[in-house]
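Heads up, what comes next is one protein chain in two forms, each shown on its own as structure tokens, labelled structure 1 and structure 2.
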Structure 1
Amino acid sequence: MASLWTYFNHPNFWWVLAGTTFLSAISALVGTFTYLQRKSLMGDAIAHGILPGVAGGFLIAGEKNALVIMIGAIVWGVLTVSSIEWISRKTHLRSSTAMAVVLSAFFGLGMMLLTVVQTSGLPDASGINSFLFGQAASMLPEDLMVYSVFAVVVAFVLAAVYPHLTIISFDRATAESNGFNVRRVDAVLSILVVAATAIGIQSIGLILMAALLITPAAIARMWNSRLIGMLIFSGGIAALAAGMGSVISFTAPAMPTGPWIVLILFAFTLISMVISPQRGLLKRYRQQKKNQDIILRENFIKRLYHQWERSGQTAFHLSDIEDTPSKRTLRYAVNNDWIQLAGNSIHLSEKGMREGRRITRAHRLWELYLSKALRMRDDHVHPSAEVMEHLIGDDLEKELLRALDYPLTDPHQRDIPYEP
């Protein structure tokens, strides 16, 4: 732990930590809107496209001057966006193709300028590499001030256009038809993405900047379905990942920061994928298991009910029941007082009878519904009813009864059983 303390006491440490978390959170907020509009890869195109601006800014300033580089980045970012827009307007190429074109051509130009920088003999020329993959630890408080001022501006603009962004994110078509100026909002969002990309170049680097715009938003979507929740979540997760990345950057100065932040975000993605309440695999698995359980136990009690219907008997021997129930099913039935079990003999209780009757009623109502409302042939309605009987709850049953006007028999002339 002693070693960590030395970092905490490092004069830059708290500056950098506070700075990167703040910058990353702001970038992630902007990314949430591009994610919702399915424009995620725009961030990648812009991040690569601004390299000429970064290298050019370096050459103009003659040193690693955050302000000049930042302005260069924003100018080229706007140029990148406009070029993509221009190509997709003037030709039939789709915007994804235009992105790949502009991204690689501009990055090529940037690489040309980088070699100029490296052979220029300017002091600190090798420092330019920190813009490619990020080097949080090397940021000076002055640099951070510059980035943070831009970030604050982004945050304010974002707050100002928030209602408009919300509208075009969720109901673009309606907004458009209502005469809402969609293109202007698009343009504002594009500029915000440029700025959001530019403020992250030194902490995360431009090659991997796209991850900060895309991944937190995708993670947030797995946990939230409301916009405000998504924004809070994606900002938080980006800040957390960036904070952890900066710590790593301090402990291992030779390592670039960006890849670590991205890797941490990737880990969060995988974890969310498994456990998130909205779309997690675990939840999906549990739900399906639960469905199967419901089907098994309801089929079991339905079968007992049918046997009672035929014979009038409420006592059965376990071996008389077709499809022997599993232990789990039996336990559930006993625990819920559907049956009493003694050795191998089963007694169907009043409650079990009600349950069996309810399912049989749902089954026959559904068959009748398919036959009446969907005009299906009577010998085709059974397979669907075998499943829907488990889904039809009280509400739907009422609705079906109303729609069918409290029928007495199903299409196969069997009685529809009501509660006595």
Structure 2
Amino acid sequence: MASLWTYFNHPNFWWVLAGTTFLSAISALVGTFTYLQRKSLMGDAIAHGILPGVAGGFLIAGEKNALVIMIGAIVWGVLTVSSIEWISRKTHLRSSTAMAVVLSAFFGLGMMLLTVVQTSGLPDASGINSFLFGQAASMLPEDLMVYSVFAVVVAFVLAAVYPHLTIISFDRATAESNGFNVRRVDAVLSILVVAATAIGIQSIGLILMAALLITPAAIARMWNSRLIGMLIFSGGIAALAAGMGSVISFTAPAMPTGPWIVLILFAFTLISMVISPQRGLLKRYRQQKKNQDIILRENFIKRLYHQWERSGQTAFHLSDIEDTPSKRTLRYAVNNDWIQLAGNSIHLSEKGMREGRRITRAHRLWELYLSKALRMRDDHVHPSAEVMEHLIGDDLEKELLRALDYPLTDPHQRDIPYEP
């Protein structure tokens, strides 16, 4: 604990922590629009494609100069995007294929220049590897100042084009049909992605920078449906992961920052996949369980109604019912006054009769619709109607009745029961 406290009192610690969280949040905001426009691969291509600019900037400056390296990274990032668009436009290759070609070529060139840097004998040559996997602890205040200035510019530009990005992210076709200059906005977004990638090269690393652009947006989408909520959540979760990764980077200097941040984001992704209120597996399980319970209840009351149709009796014994219901289903039917239960004897109430009539009517209407409208054979309509009967609401039932001209019988000549 004493050693941890010593790291927290390190004069560079709070600079690195504040700077890394800020840079990561800005990158995640830009990445949210990339994610919404399904351009996730573009971020990966740019992250790998700017490596020649990083290595070249190092060789030009002769040292680890953040400003020169940033300029080199941005220049090569723009060149990466331009090359991908040119190849896609001038050839029959798909955009994803063009990305793979440019990414491979530029990253290969970058690795060659990286080897030149490492064998150059320059005093800071050993620190060049921090740009591959990220090492927040190695950043100096002056480095953070350079990255932060670029980040502020990115934030201002993003705010300026926010309305336009919103339009093309959610209704691109309408924007194009109305004469909106979509290509210009796409170009601005590409430059923003390049800059957002470049500002995180030392804290996150080139190889894993694409994860910081896309993963926070993917996590935010599981928790929010509105764009502003996604942006806030995406920026917050990226800042949190970056802060945690920076702490680890200081307390364990041998471990690069980038992989830790990505692993933390991956952990947040798994947690969100399970518990998110909109798309979580837990919510989906509960919804499936709820739907299953509804189907079991409705099938049970429908069977009782069919028993009444055949016998005219409203009192039954449990052994007379096909597919004996579970205690859970029986308890629900009793609590909702569908039935009265005494031992193994069941009495169908008036409310239960209405519910059974409704489900039976929905089933037979669907059978007739499938037979007439979709030309399905009469002996094939039952399984589909068994599923669809549980989906019908009052409005849809009215539409079916109108479309079928208020029929009296189903394809099997059974009466379609209406309310008396």
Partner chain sequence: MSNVPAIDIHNLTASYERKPVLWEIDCQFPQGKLIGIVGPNGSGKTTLLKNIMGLMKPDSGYVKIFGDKLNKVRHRVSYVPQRESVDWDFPADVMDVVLMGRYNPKKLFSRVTQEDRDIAIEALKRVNMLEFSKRHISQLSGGQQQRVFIARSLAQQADLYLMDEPFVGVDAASEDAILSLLTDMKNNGKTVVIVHHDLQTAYEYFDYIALLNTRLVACGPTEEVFTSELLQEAYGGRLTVLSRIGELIAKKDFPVREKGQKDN
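Start at 1 and count along the sequence of structure 1; that gives the residue numbers used here. Each form is matched to the other, and the largest set of C-alpha atoms that superpose within 1.5 Å is called the rigid core. Note that the structure is a prediction, hence the values are computed from the model and not measured.
Assignment of forms: the chain in structure 1 is the form predicted in complex with its partner chain, the chain in structure 2 is not. Once you line up the core between the two structures, the Cα of residue 44 stays within less than 2 Å of where it was. Comparing the forms between the two structures, the C-alpha position of residue 346 differs by 2 angstroms or more, with the core used for superposition. Relative to the larger rigid part, the smaller one has turned by 14° between the two structures, according to C-alpha superposition.
Superposed on the rigid core, the forms differ at residue 314: its CA is offset by 6.7 Å between the two structures. In this core superposition, residue 294 moves its Cα by 2.6 Å between the two structures.
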